[in-house]
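Below you will find one chain, with nothing else, as structure tokens; this is the form predicted on its own, and questions on how it binds or moves follow later.
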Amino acid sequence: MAFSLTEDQTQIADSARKLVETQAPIARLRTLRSQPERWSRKCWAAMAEAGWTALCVQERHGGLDLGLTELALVAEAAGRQLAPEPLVSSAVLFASAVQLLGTHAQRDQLLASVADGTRIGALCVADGGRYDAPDRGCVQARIVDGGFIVDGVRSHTLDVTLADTLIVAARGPNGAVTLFVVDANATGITRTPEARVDGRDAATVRFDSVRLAPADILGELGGGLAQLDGALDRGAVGVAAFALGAATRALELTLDYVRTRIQFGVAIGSFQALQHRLAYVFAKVELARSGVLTASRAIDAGAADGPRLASMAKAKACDALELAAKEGIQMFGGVGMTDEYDIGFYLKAHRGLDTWLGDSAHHRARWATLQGY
């Protein structure tokens, strides 16, 4: 495989990076973390206008009908500045789930507004913990008068307080899990914001006798979360691309610092021991970059090894981010832990990104299983 971008992809990556640097610099996180909405609607509108939300949506539904590879490029740019806008949740996870599982009516109803950014979608299918049992939970669906009544709680779910539409997993009387498309503002839904170390939007979602119709079923009745595997693989690559951008920027910040920090009369970047450590970080970041590109292209091509490569990319990118952030804080010294410096945001970001859609341990185990070990 040639690990290079086409001319069009290079232009997408360059324009995305410029948009994020001007519209979403990391310094704004210090303000957003104290706001009721921990993201910017103005920035989201700019992303939508640039076509980011339409990249993976089919042209007949108002999208650009490109692919996950192009989406990964803009997610990487967003990750450089840790942009908290719901790009992966809405433009990848939600859009992919609807395209892969939705009826013609559901796709017609939902995808055009996702593509233009006026509708934000999010998944509410698992508690956001270690992801060892994604179908575990206490959301139940009862069959009543030909429809369904959903009750229960999902905790630590990302991007749901700002979502207009949710995809919810609920367990029926026979134990089978069914997916539903639900209006996030429907009667009986309560979203309670949660505080997270990375500052991202998250909430506990409570369902109290939420009434749904058979037309709200996404996929097959009782089809289970396995139906979402395709969307989750795409989401894992999207998160990996975001983590890759964050790792790249964390390394850049560290390189800039060691070139200017003077100790014993010389820049500390001249110390061979630090050079060796930074070279190791660079190698891990570039390995993650190759993994993200390989996985995104495989999924776009419908390759059989797409799921395995998605897990590889997610694990490698999050591991690279953790290494880059930790080494950065070490080389910044004590000031790296202060709020004045940006490097600390990247370690906090790793804590959230790693567990989203499965941590590195989960994806290494999944990779091994899919590889036949």
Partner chain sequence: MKRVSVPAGRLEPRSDAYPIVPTRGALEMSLEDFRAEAALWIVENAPRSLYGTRSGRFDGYWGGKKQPPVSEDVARWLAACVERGWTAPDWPTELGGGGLSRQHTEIISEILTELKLPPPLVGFGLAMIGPTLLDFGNDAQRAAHIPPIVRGEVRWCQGYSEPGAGSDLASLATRAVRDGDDFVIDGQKVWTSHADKSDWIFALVRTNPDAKKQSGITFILIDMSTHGVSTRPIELISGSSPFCEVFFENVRVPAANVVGQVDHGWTVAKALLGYERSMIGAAMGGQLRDAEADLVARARRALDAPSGQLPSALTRDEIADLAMDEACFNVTVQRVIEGMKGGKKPGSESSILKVVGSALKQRRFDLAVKIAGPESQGWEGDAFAADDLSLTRDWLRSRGNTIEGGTSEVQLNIIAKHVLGLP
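Positions refer to the first chain, counted from 1. If you're wondering where the values come from, they're calculated on a predicted model, not measured in any experiment.
Here the subject shifts to the form predicted together with its partner chain, a form of this protein not shown in this document.
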{"item": "4.5 angstroms heavy atom contact with its partner chain in the model of the complex for G265", "value": "yes"}
{"item": "Non-hydrogen atom contact N185 with its partner chain in the model of the complex at 4.5 angstroms", "value": "no"}
{"item": "Contact test in the model of the complex: G334 vs its partner chain, heavy atoms, 4.5 Å", "value": "yes"}
{"item": "T355 within 4.5 Å of its partner chain in the model of the complex, heavy atoms", "value": "yes"}
{"item": "Listed residue that, although its partner chain is not shown, lies within 4.5 Å of it in the model of the complex (heavy atoms), from I149, L225, L278, I189", "value": "L278"}
{"item": "Sole residue of I329, L66, L32, A45 within 4.5 Å of its partner chain in the model of the complex, by heavy atom", "value": "I329"}
{"item": "Candidate stretches 190-198, 233-241, 173-181, 70-78 - the one whose heavy atoms come within 4.5 Å of its partner chain in the model of the complex", "value": "190-198"}
{"item": "Its partner chain in the model of the complex - contacting residues of 334-373, heavy atom within 4.5 Å", "value": "G334, V335, G336, M337, T338, D339, E340, G344, L347, K348, R351, G352, T355, D359, A361, H363, R364, A365, W367, A368, T369, Q371, G372, Y373"}
